[in-house]
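First comes one chain, alone, set out as structure tokens in the form predicted on its own.
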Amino acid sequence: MTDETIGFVGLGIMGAPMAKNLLDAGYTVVGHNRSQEPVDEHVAAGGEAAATPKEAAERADVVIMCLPDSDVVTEVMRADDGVLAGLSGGEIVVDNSTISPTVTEELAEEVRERGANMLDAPISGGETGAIEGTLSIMVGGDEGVLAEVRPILSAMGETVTHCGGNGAGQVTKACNQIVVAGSMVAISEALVFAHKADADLQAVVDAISGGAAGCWALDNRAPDMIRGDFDPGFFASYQYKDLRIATDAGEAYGSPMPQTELAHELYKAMEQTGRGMDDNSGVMQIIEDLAGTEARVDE
């Protein structure tokens, strides 16, 4: 059993397995979630429960949050029964959520005013990475503070990278989502094109995966895509939200994002057609809608 107690706020599709990995590593993990069922499952796995984010922070040395967006993180932090109210000084707050870099900077300052430290540490790797403890974690904040919690982060992720000061982790995650979304759209276009041209979809995937086009998405998502399996590892609605963070940041920094703007519109179409809870690879369905066909292998 390790000495640190961890408060974990947000036991969703990503947070629950991450908290489980911390339990397996020997940490005491006090969990809180807006709905009760994930908390009950956390307790059944050996964790402890907190009624509020404040209580989770009060009982913890390190507070980890894994939440959907900037608004939720801000509410969980600033509410009367929120994380900030539970800080007494000396704690470390780690935000594994993907939110706005500017919001992160503001919250980090408020944490410092409480005598604590904050790291923005968004994650990549989807549900599979969360379950297997192989996430990529992109960290913004003080490097010395990161050194203190690196063993904790290493229990959840395979790669932990210091990217700069507060906000830099969120900027790096935006870069990640720009590339991931662009890859998903490109793969979708390629597969629908191959189907329209009467090519063997499995052969196409096998061939291009071994060449210059090879990438994580081809290896891990394309085999499901051509079978119409869009069970979520990472919700399309979250990708839509993340791309809005990226394009808003691009506007703020004056950086052109023509491809990302297009990807954002395609993920918006997923939301508007009721597919937001599909995997983000489900953007292929929007390309299929435009083509008037489904690109599927014959089983």
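Throughout, we count residues from 1 along the sequence that is shown. Everything quoted here is computed from the prediction, not taken from an experiment.
A second form of this protein, the form predicted together with another copy of the chain, is not displayed here; the remarks below concern that form.
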Quiz item: Can any non-hydrogen atom of residue 162 be found within 4.5 angstroms of another copy of the chain in the predicted complex?
Solution: yes
Self-check item: Touches another copy of the chain in the predicted complex: residue 97 (any heavy atom, 4.5 Å)
Solution: no
Practice problem: May I ask you to check whether residue 186 falls inside a 4.5 Å heavy atom distance of another copy of the chain in the predicted complex? | Solution: yes
Quiz item: Is there a non-hydrogen atom of residue 215 within 4.5 angstroms of a non-hydrogen atom of another copy of the chain in the predicted complex?
Solution: yes
Quiz item: Would you say all of 84, 115 and 121 touch another copy of the chain in the predicted complex, counting a heavy atom within 4.5 Å as a touch?
Solution: no
Practice problem: Report the residue, out of 148, 109, 229, 200, that has at least one non-hydrogen atom within 4.5 angstroms of another copy of the chain in the predicted complex. | Solution: 200
Quiz prompt | Answer range among 259 to 267, 62 to 70, 26 to 34, 41 to 49 for contact with another copy of the chain, defined in the predicted complex as heavy atoms within 4.5 Å | solution = 259 to 267
